[in-house]
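Listed next as structure tokens is one chain, alone, in the form predicted on its own.
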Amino acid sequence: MAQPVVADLVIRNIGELLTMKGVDDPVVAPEAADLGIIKRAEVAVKDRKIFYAGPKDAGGFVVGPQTMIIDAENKVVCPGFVDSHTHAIFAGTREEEFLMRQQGKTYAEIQAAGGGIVKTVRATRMASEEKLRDALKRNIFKLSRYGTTTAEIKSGYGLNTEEEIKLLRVVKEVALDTDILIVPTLLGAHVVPPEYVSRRQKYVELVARDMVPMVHENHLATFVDVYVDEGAFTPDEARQILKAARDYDMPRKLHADEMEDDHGAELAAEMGCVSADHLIWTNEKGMKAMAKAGVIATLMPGTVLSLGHSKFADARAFIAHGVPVALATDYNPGTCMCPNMLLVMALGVLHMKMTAEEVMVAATINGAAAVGRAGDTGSLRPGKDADLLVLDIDSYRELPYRFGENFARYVVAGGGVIKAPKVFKKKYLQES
């Protein structure tokens, strides 16, 4: 007779367990309304994987002397959040630009004053790998405090081959030293660096023919991303870089339609991108193209708020067209210095008219699909990574209502508790 499984971690007394039905694929309407909720539930973890997630006393596991037990106190348990678009590796800050925007300065005026992305590029190029490593660890910790257990992290503040490789190398090193799942992305095509302004095509070729092959050969990034915008790259330039990524069988992403309708959504569909991100100005043709091609729409209302704009991405239209919607912070030093996925989800309801169910789907399984990890995380079922949260709320419906609060009481990533009340840390974590 087989020996019963002794759990490493058990979460008991769960009031609402949001399993997302254990799915491994992005969710669209009307299925997004069903979060796979189980009342009076429990979760068991073994060897960093979910062993059981279901009704109380039906799991077929036992508790041993070394089992860590969390009492959820009839609160909500859900999958850990997947922040599928961040620029979390950088040096320096740009708070003065934030204040300049509030005084009515345009992006062009800020650039002319020495600001913008190139200011972060200068600071990041000057930073040592040790300094970048320490800064990235701090930023990942900030993300995790609000419930993020998986984060995509882009390069893009190096803007030459050596510096972009340096950034991705640091990301890879830090990823090995954290329980947070890190998905690295090459964003060598963030903007054209000053030294290439008069020879743009040379820089496009540098990204396509130098950076992409080198990153692929050294396994430094999962995705290749390009920023299409009037101040960044044209669709034709982006197409060259995305074709190079496709030639190396690297999945692709695209910053699209953020400041105006650049037909970026259509380009993302044409190039088989996994996601298109921002999408403030996307038209109906672009939405239909994305739906047909299965491109995920990653929306970032925190950036719109930070920029002081009033037009948010039309989440309702994307959903109506059958496009899977993910939410992300866009955490970066210039346009959204906010690591808080809980706030982003609340903004999805308040400013993009998403439902409480839709933002939960967007922050979990659809975010996981947007970074190619839906088979590992984003929903709760046996065999998936033990990435989950105990939220200090009685119902998930409270999440947008109580905006601004951090009610991530316990954050479990890779099977281990990385955030817990101090009394819990003292009693359990120090012993282990």
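Here the structure is a predicted model, which is why all the values come from computation and not from measurement. All residue numbers are counted from 1 along the displayed sequence.
The protein also exists as the form predicted together with a small molecule; that form is not presented, and the subsequent description refers to it.
> Identify, from the list P184, G334, P339, G302, the residue with a heavy atom within 4.5 Å of the small molecule in the predicted bound form.
Going through each option in turn, the one that passes is G334.
> Let me know the one among D314, E266, E358, E258 whose heavy atoms come within 4.5 Å of the small molecule in the predicted bound form, would you?
In short, E258.
> Residue-level contact is defined here as any heavy atom of the residue lying within 4.5 Å of the small molecule in the predicted bound form; does D330 satisfy this criterion?
Judged by the heavy-atom cut-off of 4.5 Å, D330 is in contact with the small molecule in the predicted bound form.
> Tell me, yes or no, whether H85 is in contact with the small molecule in the predicted bound form, where a contact means a heavy atom of each within 4.5 Å.
Yes, H85 sits close enough to the small molecule in the predicted bound form that at least one of its heavy atoms falls within 4.5 Å.
> Can Y196 be called a contact residue for the small molecule in the predicted bound form at 4.5 Å between heavy atoms?
So Y196 does not count as contacting the small molecule.
> Does at least one non-hydrogen atom of V76 fall within 4.5 angstroms of the small molecule in the predicted bound form?
Result no; V76 lies far from the small molecule in the predicted bound form.
> Specify the contacting stretch among 203-211, 122-130, 250-258, 347-355, defined as having any heavy atom within 4.5 Å of the small molecule in the predicted bound form.
That would be 250-258.
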